[in-house]
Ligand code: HEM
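Given next, in structure tokens, is a single chain: the form predicted alone.
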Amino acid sequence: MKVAEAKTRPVPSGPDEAFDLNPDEATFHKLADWVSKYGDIFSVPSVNRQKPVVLINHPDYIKHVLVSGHENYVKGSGFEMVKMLLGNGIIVSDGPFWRRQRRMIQPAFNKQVIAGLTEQMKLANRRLFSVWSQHAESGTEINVTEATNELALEIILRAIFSNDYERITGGTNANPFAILTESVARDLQLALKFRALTKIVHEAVAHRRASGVEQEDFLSIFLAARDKDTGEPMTDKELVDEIMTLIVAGSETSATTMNWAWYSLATNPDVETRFHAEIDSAGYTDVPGFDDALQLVYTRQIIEETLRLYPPVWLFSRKAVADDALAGFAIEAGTEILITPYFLHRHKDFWPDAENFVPERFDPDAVKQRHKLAFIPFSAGPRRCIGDFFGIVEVQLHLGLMARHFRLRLSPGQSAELAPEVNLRSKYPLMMQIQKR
């Protein structure tokens, strides 16, 4: 399918019903109906917004908004609560400030740094391995959702603070940041509690500065970063906002991906068999290292197929700064544009048998044949998620260790329903039986 060539019209057609589209279950069900009825671009009258919202669900349209015309599109509505939770980190900032922060943070996510941080990933996974071994011995079920939430949070905190992790958190059982795993809601109450934790981060920054010790972690890299134009470092507030952003963004997306990966493996035995064959034939004996992870090609395809079916951020927005034209339609300044990876990743023109779990879709030859922007679990363009590679390696290491020793099966009566909120979670904890292989 190609972008329609048409005379510019005021707005694309769509439902007559006025409805405020937000990352919630009601919107999810409305969009499932409307995407089917109205196709790749349509507008929805809004109850509380001044202009209709335009939803786009074709890679060519998405390319225009996120890549070729990205300078005309800034963060849309829905980020107010995120800003309360995270401060003005790179997820919510825009313009010159965002570009400055992105440049300063980027070196922390290069291949060499992530290779070093796999040691922190190993520490966290070894702790969980010990817990799961006990469950396998006793025959008790495990709460995979809770376990992956706690694991992902521990990994990102260790990646930020490394050797200071135990001192800052008091160990896993007393971790003040555990409110992120204990509370499902992402509301004002959580935002206030989480922002109160900035005091801990400020103290960690001050302690690191006073110690004069450079460690192999994100905090030391952020402290050493300098603006290329002015030579100035980040202010304490800027530094803390970026760390708070990293804690949330770096834990929640990885946790949901691990959770859905275990569900997908348990419900697709043919995939699991091929996955086990790759894991068993790999050369590592302990937790896979960085180089080992890069060799787990089919494991990465499993992760990518999980991200296709269950993109952690299933809905996000942009807002037009100036008047524009898109797919033959006029886009007025101030118009909200919504993009939904969940439905894009099920687009029949790009994903045959879209509801089936088929990791082979991500074989290199298959990827070459597909539109590059038909798959955007990490967004696209200049604002593509800065930690995408870190997250992939993190999940590879986790699966590479656990699947070598354990097989997970859904507990009797267990199902997995979607909870389409800010992140695409499972509505209920995923309970599974764990067996030694």
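This is a predicted model, so every value here is computed, not measured. The first residue of the shown sequence is 1; numbering continues from there.
Below: the form predicted together with the ligand, not depicted.
Scanning T145, S254, T335, T340 against the ligand in the model of the complex with a 4.5 Å heavy atom cut-off leaves one residue, S254. A single residue from the set L410, L373, I386, V35 has any heavy atom within 4.5 angstroms of the ligand in the model of the complex; that residue is I386. With the ligand omitted here, the record of contacts in the model of the complex names 378-386 of 397-405, 378-386, 57-65, 43-51, defined by a heavy atom within 4.5 Å. Contact annotation for the candidate site: K122, L296 and V358 all lie away from the ligand in the model of the complex (no heavy atom within 4.5 Å). Proximity of F109 to the ligand in the model of the complex falls within the 4.5 Å heavy atom cutoff.
A residue is said to contact a partner when one of its heavy atoms sits within 4.5 Å of a partner heavy atom; R127 fails this definition for the ligand in the model of the complex, lying far away. For R318, a non-hydrogen atom is located within 4.5 Å of the ligand in the model of the complex, even though that partner is not displayed. The shortest heavy atom separation between F390 and the ligand in the model of the complex is within 4.5 Å. Heavy atoms closer than or equal to 4.5 Å to the ligand in the model of the complex belong, across 242-262, to the residues T245, L246, A249, G250, T253, S254, T257, ordered by sequence position.
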